[in-house]
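So this first bit is one chain, no partners, the form predicted alone, shown in C-alpha cells.
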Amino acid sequence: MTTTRHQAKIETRSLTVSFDEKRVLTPIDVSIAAHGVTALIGPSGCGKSTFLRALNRMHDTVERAEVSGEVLLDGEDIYHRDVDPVAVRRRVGMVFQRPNPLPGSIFDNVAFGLRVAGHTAPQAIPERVERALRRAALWSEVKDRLRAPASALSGGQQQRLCIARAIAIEPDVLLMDEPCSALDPIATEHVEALITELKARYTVVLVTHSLAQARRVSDHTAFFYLGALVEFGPSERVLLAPDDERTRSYVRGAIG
C-alpha cells in the first residue's frame, strides 16, 4: 500500500472491524490530513462505509460488532476506555447517504444538536442556526420560512439541511457517506461546491462511488478492495496514475 506523509487530523493504527466474529476490515494504517477532503473509493461491500463509521464509533451501537486497533483524533485514541462516544460524535459529525431530516421545522432541525449538546445559551441558538445554514449554502433559500416543515424542502435542500445540522455544533471532522447518491445532477453540483468550501473549516472524509466526484472534490483518495486499504495518496495520482494494479483495474472499470 502506498501512503503519503502530511499533517494528520485522524490516524488509524491496525484498525480492524468484525461482525459476528467475521473480520470485514483488515488492519488499516492511514493518516488523514487536516482541512482537506479525503475520498474513499472502491466496489460495493469493500469496507468503505465500515471504515467511515469506525471514525466516530458508530459501530458501538451495532450488536456483535467488534473494533480493534486505534483511531487517533488529534493524537488521542477515541476508543480509549475513558473516552465518551457521545463526545466523539460531537467532534466527528456524520452525513448519511439519504437525507434524514427530523420531524419538525427547518429551524428545529438545525437547532436540535445545539440543544442536545447543551453548550449554547437559548438566546444564542438563532444566531448559531443562521451561521450553520449560511455555511451550508442554504440560508438564502430558507431564511423566510424557517418554521416550515423540513420535509417540504427538495432532496438537495434536505441534504444541505442535514449538513447544516451536522456543522451547527462545530465538529472538527465531517464524515459523508455517499451524500449525493440520492440527488439529481443540479443538487449534486450544489453539494459538491459546498464540500469544497467546507474543507477550509473542517476535515472531510467522503465515501463515493463516483470517480468523477472524487476527482472534482477530493485532495486525497483511498482505494478499498475486499476489506483492505490497497492504495492511498494524492487524488491526482491515485485516480490518474495509480501504483497498484488493483487500483488501475478499478479506475479503468475492469473491476467493481
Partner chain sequence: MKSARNVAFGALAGSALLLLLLALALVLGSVVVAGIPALARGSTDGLAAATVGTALVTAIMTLLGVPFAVITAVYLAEYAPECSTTTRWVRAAVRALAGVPSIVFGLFGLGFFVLFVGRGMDRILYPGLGAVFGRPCVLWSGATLAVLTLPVVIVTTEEALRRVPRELREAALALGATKLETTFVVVLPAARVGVLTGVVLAIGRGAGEVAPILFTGAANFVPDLPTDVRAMFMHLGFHLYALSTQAADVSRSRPAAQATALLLLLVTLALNGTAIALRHRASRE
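Owing to the predicted nature of the structure, the values given are computational and were not obtained by experimental measurement. Residue numbers count along the first chain shown, from 1.
Another form, the form predicted together with its partner chain, is not on view; read the next lines as being about it.
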property: Site check Thr61, Ala166 and Ile169: each within 4.5 Å of its partner chain in the model of the complex by heavy atom; result: yes
property: Options 70-78, 123-131, 140-148, 88-96; stretch whose heavy atom lies within 4.5 Å of its partner chain in the model of the complex; result: 88-96
property: Contact flag, Val116 vs its partner chain in the model of the complex, heavy atom cut 4.5 Å; result: yes
property: Touches its partner chain in the model of the complex: Pro101 (any heavy atom, 4.5 Å); result: yes
property: Proximity of Phe112 to its partner chain in the model of the complex, heavy atoms at 4.5 Å; result: yes
property: Any non-hydrogen atom of Arg53 within 4.5 angstroms of its partner chain in the model of the complex; result: yes
